[in-house]
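As a starting point, one isolated chain is supplied in structure tokens, in the form predicted alone.
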């Protein structure tokens, strides 16, 4: 029987959505009969452990650390937990903190390193891990033989978090010695204009297919008419049309609105990762082959701006 550890994704004293997704991936790597543990490295881990109500977690290991995000803290804690549990896999949510810690942890444990994983297929002889390359244009399948230890990071939105359950009693582990070469000062968040698109129930999103910058005003008008918030794909953020706080996708925000209305968004894999948990996806695009139609619940092959104008008129009338 194998075991796996998911490293909690935390920020400002709270568990982030990546925690559940890392647990889902760790469960696949451990196998149906394997054991699953959650490692929480934080200044005050007890409170986070009480909130870790994830089904299938058999152990919660806690480490009290100065910031919980410095690579030296995470690597020392995860290495200790891996040795204590004889874990074959340690899983992180892919992100800046994980990419700082995961490679060093793999070296520390003499383990394989597989980053930005989007799918896992487990079998008796091992696991097949899928990751995308070249901006999502190529999918690579990597075979991980059974018994080979691995450190894995998983892409946001690629795995469905487990259901809720009463968390087990946390088990404290010894805290790592602080590294004087590092000091965590805090996080710099982008200006959001007092809007958090991750909390919106309706998002009206614009992509490159709207054409001119002036057409963005029409998309904004639809959002206002229906009481939603404006969002955008990366090309509009890169062009400076929309602030980064409104970007949806792998390099932006992962959102869970009840309705996601996409105008002129083709649906690159990085963008689709950000809307995986949306309730209803409605897409308007002039290209019938646009990838977003493969995930949309409803779609219209039409000019995005013309449809937006029609929606505003209907709402206004």
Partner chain sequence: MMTRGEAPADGPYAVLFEPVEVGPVTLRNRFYATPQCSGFGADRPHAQAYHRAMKAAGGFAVVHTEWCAIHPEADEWPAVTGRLWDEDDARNLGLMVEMVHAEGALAGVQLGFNGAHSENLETRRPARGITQVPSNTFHFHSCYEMTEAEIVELQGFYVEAALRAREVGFDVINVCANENAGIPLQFLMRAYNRRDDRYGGPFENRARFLLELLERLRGALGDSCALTVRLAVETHHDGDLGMRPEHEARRVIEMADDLVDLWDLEVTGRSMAEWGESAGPSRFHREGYQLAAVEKARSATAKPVVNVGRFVHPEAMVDAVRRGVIDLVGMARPGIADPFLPTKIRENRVDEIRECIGCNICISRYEQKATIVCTQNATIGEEYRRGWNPERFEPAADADRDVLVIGAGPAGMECALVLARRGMRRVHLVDRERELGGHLRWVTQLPGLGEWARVVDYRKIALAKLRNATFVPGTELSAADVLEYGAELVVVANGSSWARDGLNGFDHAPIRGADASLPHVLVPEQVMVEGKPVPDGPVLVYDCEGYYMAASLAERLAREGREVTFVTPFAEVAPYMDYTLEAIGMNRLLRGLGVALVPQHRVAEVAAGAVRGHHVHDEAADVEWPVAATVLCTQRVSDAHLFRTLEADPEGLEQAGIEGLYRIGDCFVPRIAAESVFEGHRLGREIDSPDPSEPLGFPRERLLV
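Numbering follows the first chain given and starts at 1. These numbers were taken from a predicted model, which means no experiment stands behind them. If you superpose the two forms and keep the largest set of C-alpha atoms that fall within 1.5 Å, you have the rigid core.
A second form of this protein, the form predicted together with the partner chain, is not displayed here; the remarks below concern that form.
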> Is the partner chain close enough to 250, 253 and 268 in the predicted bound form that each of the three has a heavy atom within 4.5 Å of it?
Replying inline: yes
> Does residue 238 reach the partner chain in the predicted bound form, with heavy atoms at most 4.5 Å apart?
Replying inline: yes
>> Do any residues of 206 to 236 have a non-hydrogen atom within 4.5 angstroms of the partner chain in the predicted bound form? If so, which ones, in sequence order?
In response: 208, 234
>> Does residue 34 move appreciably between this form and the one not shown, meaning a CA displacement of 2 Å or more on the superposed rigid core?
In response: no
>> Quick check on residue 286: with the core superposed, does its CA move 2 angstroms or more between this form and the one not shown?
In response: yes
> Would you say residue 95 moves its Cα by 2 Å or more between this form and the one not shown, aligning on the core?
Replying inline: no
